[in-house]
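Before any questions on binding or motion, here is one chain by itself as structure tokens, the form predicted on its own.
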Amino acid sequence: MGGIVEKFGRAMDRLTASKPDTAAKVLRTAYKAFGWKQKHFPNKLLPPSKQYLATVCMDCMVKPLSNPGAYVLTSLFTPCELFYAMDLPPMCAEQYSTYANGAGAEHGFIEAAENAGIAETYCSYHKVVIGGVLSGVMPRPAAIVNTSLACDANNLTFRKAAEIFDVPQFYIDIPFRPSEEAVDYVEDQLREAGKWLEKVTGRRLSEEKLHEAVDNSRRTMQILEGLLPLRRERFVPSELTAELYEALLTHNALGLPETLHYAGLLEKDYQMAAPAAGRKILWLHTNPFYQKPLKDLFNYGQDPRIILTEMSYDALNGFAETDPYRFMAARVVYDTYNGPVKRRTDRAVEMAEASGADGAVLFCHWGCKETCGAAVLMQEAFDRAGIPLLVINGDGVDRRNSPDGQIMTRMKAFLEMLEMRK
């Protein structure tokens, strides 16, 4: 499979530079074909929930690509229930970049962005998006809606994309300090965003569909939160890619009935799973799912295994709000990625303790100032809790910035230390 991906990626690089319309069609067709394969010939090394997860996530990628001019380009932390209530499929920027990498096609987009003057040190997730826009491969959206949470690139990438596409943009400002006043402020913006979307797209926002979507979100996260004790005790096979899929479903795909169904399938898989053994890892931030040595280490086995990815559990805040707009607002305002770094470090330690993690890995993604800046404070917090933490540098998208040898040397030494502690 690796050879096929490499050949496809090289072909995409050439088409991106010379025939962007063809590149867009080829990429969309490839995703559809792979989605068909995932649905009809799923990965037998994964349980039913993870097989279904892969299919849902591919659908979330294909739908916006198949609807030029009728989807919303958005950021990872934007509440998307609004879009589902208007039958406007969202496409998350980070999702677009991750799938480009999965197809081996990220280099052409990165090159297009850097040739246009985008800094080499810019977040590669966002660099791929800008490259997709500049090259003409990414289809034009109906509108762009993004939040300020939690990355500086959100304030630049989407504004640039709106200028190039010549489409309207709605910016949701998330106050840095979580408070009820901040929830009021964001709630007002979300109500305004709904009216704004109706105006710029001509679509009607169905309040009934909005309530249904928010109810799906609430129930999904309640199920996932209830699985924390079972993640500690039982083994359900997973893989690095599935960990990123789950992060997508707990953000931009929240509100879909398919996401709720996934949560139910995962609950069944854990209820039926055998007792677990081996070293348990809490993974913080994104992961370089494409790196073969890491895949060989973590995919499908239980020693070591990733029992929890932080980004799938960043928005658990009790879900007491009944109003759909306030529910969405509270979710982003009280997200652990918002506010002082201490909120995130404290929550990370809580997740490690609740899941019984033997150790944690903080992946400092290239260009992510938020995570790289938090590394020292995260290390101090885990040291105080007596939980080993490994900080590694790499890139979630650009293969050039994640050296296999260096990462694996440190990872193996860390795992050996965990084995000695047991």
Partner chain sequence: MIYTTCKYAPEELFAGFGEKVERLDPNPVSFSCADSCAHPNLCGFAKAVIEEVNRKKIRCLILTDCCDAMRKTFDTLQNMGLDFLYFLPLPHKRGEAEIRMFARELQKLEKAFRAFSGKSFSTARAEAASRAAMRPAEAEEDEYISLTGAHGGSMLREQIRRACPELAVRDDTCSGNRTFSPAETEAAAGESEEAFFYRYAGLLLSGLSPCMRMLNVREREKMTENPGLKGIVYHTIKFCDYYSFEYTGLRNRVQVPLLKIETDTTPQSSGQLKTRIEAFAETMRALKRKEKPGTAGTEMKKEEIRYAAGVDSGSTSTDVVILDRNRHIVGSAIVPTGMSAASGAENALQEALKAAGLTREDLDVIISTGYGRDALGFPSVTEITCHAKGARYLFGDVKTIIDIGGQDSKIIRIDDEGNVLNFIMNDKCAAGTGRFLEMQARALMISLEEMSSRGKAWKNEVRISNMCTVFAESEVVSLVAQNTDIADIIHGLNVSVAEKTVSLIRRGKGEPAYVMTGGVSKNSGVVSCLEEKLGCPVRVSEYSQLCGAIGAALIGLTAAP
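Nothing here was measured: the structure is a model prediction, and the numbers come from that model. Positions refer to the first chain, counted from 1.
Omitted from view is the form predicted together with its partner chain, to which the following refers.
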item	value
In the predicted complex, the one of 351, 118, 85, 248 near its partner chain [non-hydrogen atom within 4.5 angstroms]	118
Selected contact from 65, 46, 374, 60, since only one has a non-hydrogen atom within 4.5 angstroms of its partner chain in the predicted complex	374
Exercise: residue 10 in contact with its partner chain in the predicted complex, heavy atom 4.5 Å	yes
Contact test in the predicted complex: residue 393 vs its partner chain, heavy atoms, 4.5 Å	yes
Any non-hydrogen atom of residue 367 within 4.5 angstroms of its partner chain in the predicted complex	yes
Contact label in the predicted complex: residue 222 to its partner chain, heavy atom within 4.5 Å	no
Stretch in contact in the predicted complex with its partner chain, which is absent here, among 48 to 56, 34 to 42, 66 to 74, 358 to 366 (heavy atoms within 4.5 Å)	358 to 366
Residues of stretch 87 to 111 in contact with its partner chain in the predicted complex (4.5 Å, non-hydrogen atom)	107, 111
